[in-house]
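To begin, one chain is listed below as structure tokens, in the form predicted on its own.
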């Protein structure tokens, strides 16, 4: 692994260099819409201006680059004079490199978690293949952040191709993968000296570390025994099923598939859906196994803390805190986890 030291000017020059290799995206200030149709609110194409990141994760997660909203799966025609009327055609696979700059360690880890259920999904894998992640470790944690409680750390580098960390005098850039090396090929960068490496190691050591004991305690808890616990009814009465938590969550990946037709030309798309919506689990028979708010609220937390880890190992939460910050009725997953450890 190579580590380079950078000044602010060198960092900005490096990001401008990325623009010659592919499309570069950075977090937008607030949730302003992008002028590009392929860029979700909360992200913007890099414009060459000095990069300044707010504390904590970006307003919207990085999953939009792996689960576009919406994503075209096939195209077709319903015109009578079209030779292949109704035939589904696979769209051209996108290969343009997209370089995401400024994501935090929690988002980088979410990409790996989502890859577990989607490792055979051709659309997700195609986007994985063309995406390079240049992340920034966290100098400080927001009051809503809890990555350390979910197995991460504000200084973690898991899932990143390049990790940039702030030092007392400039930045340190760690090259973690071959794709990271390709981005910097041809650039004349100064290797980090002993003082920079010691400072980086010290910051990493001083950062909050993964709470293995807390994770083990939650995994050992028989959550199935709490399936009918009163706390679910209390949460269900508070929740308004707006779905905000699932849309901002980097590890929520539910989708629906629909066909849409405009002037005889159609496309089959998949777009984000939410298990918090009543229609999500509605059967064509009219039966809904999760017709009550309590049932949908319980399912969300059980998926994060029980169903996903039973199937894949890790919890389906990276502790970014977006759901805590954006919930209009102040439901806090940290409090839910605490209750699950203590309720009888």
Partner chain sequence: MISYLPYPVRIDDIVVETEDGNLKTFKLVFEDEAQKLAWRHVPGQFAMLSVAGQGEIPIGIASSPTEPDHLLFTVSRAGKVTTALHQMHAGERMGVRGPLGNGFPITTDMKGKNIVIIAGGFAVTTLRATLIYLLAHRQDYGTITFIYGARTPGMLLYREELKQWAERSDVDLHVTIDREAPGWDGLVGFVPTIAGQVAPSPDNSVALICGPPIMIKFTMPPLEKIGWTNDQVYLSLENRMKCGQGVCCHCNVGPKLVCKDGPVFTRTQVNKLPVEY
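Note that the coordinates shown come from a computational prediction; the quantities given were computed from them, not determined experimentally. Residue numbers count along the first chain shown, from 1.
Beyond what is shown, the protein has a form predicted together with the partner chain; the following relates to that form.
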message: Is it the case that residue 112, even though its partner is missing from this view, gets within 4.5 Å of the partner chain in the predicted complex, heavy atoms only?
response: no
message: With the partner left out here, check for me: in the predicted complex, does some heavy atom of residue 234 sit within 4.5 Å of the partner chain?
response: no
- prompt: Quick one: is residue 171 in contact with the partner chain in the predicted complex, heavy atoms, 4.5 Å cut-off?
  reply: no
- request: Could you confirm whether residue 143 comes within 4.5 Å of the partner chain in the predicted complex, counting heavy atoms only?
  value: no
message: So if I measure heavy atom distances to the partner chain in the predicted complex, which of the stretches 112-120, 199-207, 150-158, 135-143 falls within 4.5 Å?
response: 112-120
message: Which residue, 241, 72, 125, 177, is the contact with the partner chain in the predicted complex, using a 4.5 Å heavy atom cutoff?
response: 125
query: Are all three residues 315, 332 and 343 in contact with the partner chain in the predicted complex, where contact means a non-hydrogen atom within 4.5 Å?
result: no
statement: Looking in the predicted complex, the residues of 217-247 with a heavy atom no more than 4.5 Å from the partner chain, listed in order, are 223, 224, 227
